Structures are given as C-alpha cells and as structure tokens.
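As structure tokens, one chain now follows by itself in the form predicted on its own.
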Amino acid sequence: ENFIHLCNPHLEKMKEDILYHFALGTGTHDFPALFGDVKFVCVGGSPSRMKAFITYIAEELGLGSPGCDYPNICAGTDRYAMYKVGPVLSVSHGMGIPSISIMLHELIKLLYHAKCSNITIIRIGTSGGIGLEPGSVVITRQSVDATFKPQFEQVILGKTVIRSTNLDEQLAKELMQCSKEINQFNTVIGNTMCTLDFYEGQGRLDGAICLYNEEEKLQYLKEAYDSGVRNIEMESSVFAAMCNLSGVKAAVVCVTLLNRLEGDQISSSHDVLVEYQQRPQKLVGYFIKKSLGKV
C-alpha cells in the first residue's frame, strides 16, 4: 500500500486541521468515511469543467443515473469546487501556480487524513501548443520553467528553493497507450513549459503590455520547441513538484487550443473549443475505466 507522505512534522501536533479553502476540517468532517475509497483524483482549472468531468466519469463507470446531480463538497466556499463519485475525486484549481499550489496543499492533507492509498493524481487542462495541430493532446514528460529547465523555483523564508518537476514515466506511457486504443485524436508525449503569466510570460503579442517584436517571440517559441517543449500552461511545475514530495503518482494531460507559432488569440468557435476540452476527459476517463477493469 502506497500511502500519502506528508513532508510536515508539525501537522502531528495539531488537534484539528482546518482546510480553509475547501471549507472542510478534521474536527467537523469524517475524512476516511467521506474520501477513504478515493484512488483517482482529477484536477482542472474551472469548476464547471470538473463538474462536467464527474458527470462524464460517473456515466462511464456505470455509477450514476442519467440527470443525476453531484453536490459540490466545497459548497461552503467559492474558492474551489470538489465532486466525487465512487473512487474518483474531481477538484478545480483555478488559474496559475499560486492557485493550484494552495489547492494541492489542502488536497494532499485531505488524502492523508482520509488514509487513502495508491493514489493517482492527473491534471486535465488546456494549453497553447507549439508546432502541433490545435486539438492535439500533450501528456507531459517533464514540466520546465520559462528558461526550459526542469525545475520549480520558490522563495521560502527568503531563500530560493529549487524542486524537481519530473512526472511518473510509467503513468505517461500508460496514458499514451490508452490514447492509441481510443484512436480519436492526435496525442504526443512532450515537455510542458509552465509560465507565471498568460501574456508576456508566454511571449504573446496581444497583451496590454508588450515590449518585444514578433521575430523575438517566434525565436523564443522555436527555442522552446527545440528543447522538447510541446505546450505551454501555468500549473504543471508546482503540481509535479508537490506530487513528487508527497510520493503520489502524477500526470498532466492537456489539450492544445491553438498552435502558438501561428498566432496568439484563441479564435476557434465555442463548439470546437468545447469538443477540444473533452479530449483530456475522454483519455483520462478511459484510463480510469481500464485501471478498474471496466473496458
């Protein structure tokens, strides 16, 4: 049994642990009863997408009745949304490193207090592609920073701390195999660049501020491509670092909404974007079904 490893000796001394941003606490909620059977955790930016995912996975696993509504477990707060069906937990994390980091601290503690074991956490999301057809799905090999280094840098007590951003290689291969079995959309394994911003940090020309030209932008994106980067988003580095430290198997599966070598604005129609966003859900849904022997 592979249990969650908490890198914090102080938690042992606390009578009660309040997960403030989830509106849950060990003094008010029975974590093992509520979450003890969880094996798969899927996280993504938007609350509505994570609700759509739980509805989809419930249907796929034959656990829900049509039109069934899944209550938001974090209804006491509007920071994050959380849904559960059977062994699957679906949680929103907002946009960017700070938002997902806060969520992950509390999620990892939740799984620890619930005495969960053999957990797989997968981020399903959207991204900008580099040199890929829009709608392609990228399974992350390594998350790299904006200088293409596979690391997450954080200042703690005034000192810079650098953490590894490696993800589970075997899990990435299993997800790739699942994509071949579904055979519905282009999927690649590649590096994912995690930035601190959507505009300047990703070399866009369409933000409120831009002090570089198109040539410089394209040179940067081509350098990223040559270093193995296939997509850009804003959460994978801290996600990989925190899952590593907690001993949790983790993967990042993101669809690309556009090819950044061809533009900056996301101009596909609403219906096309909705279908693109369902691709990581389909892939991860199939992986969960297969893992549970339901394919």
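Quantities reported herein were computed from a predicted structural model and do not represent experimental measurements. Residue indices: 1-based, along the sequence shown.
Omitted from view is the form predicted in complex with another copy of the chain, to which the following refers.
At least one heavy atom of residue 265 is located within 4.5 Å of another copy of the chain in the model of the complex. Within 4.5 Å of any heavy atom of another copy of the chain in the model of the complex lies no heavy atom of residue 183.
Mapping the unseen interface onto this chain, residue 85 falls outside it, with no heavy atom inside 4.5 Å of another copy of the chain in the model of the complex. Taking non-hydrogen atoms only, residue 203 approaches another copy of the chain to within 4.5 angstroms in the model of the complex.
Annotation: in the model of the complex, residues 16, 97 and 197 each come within 4.5 Å of another copy of the chain through at least one heavy atom. In terms of contact with another copy of the chain in the model of the complex, the residue from 257, 38, 52, 229 that brings a heavy atom within 4.5 Å is 257. Scanning 173, 222, 105, 115 against another copy of the chain in the model of the complex with a 4.5 Å heavy atom cut-off leaves one residue, 105.
Residues with any non-hydrogen atom within 4.5 angstroms of another copy of the chain in the model of the complex fall in just one of 183 to 191, 214 to 222, 164 to 172, 136 to 144: 214 to 222.
Taking another copy of the chain as it sits in the model of the complex, the stretch 218 to 242 comes within 4.5 angstroms of it through a non-hydrogen atom at 220, 234, 242.
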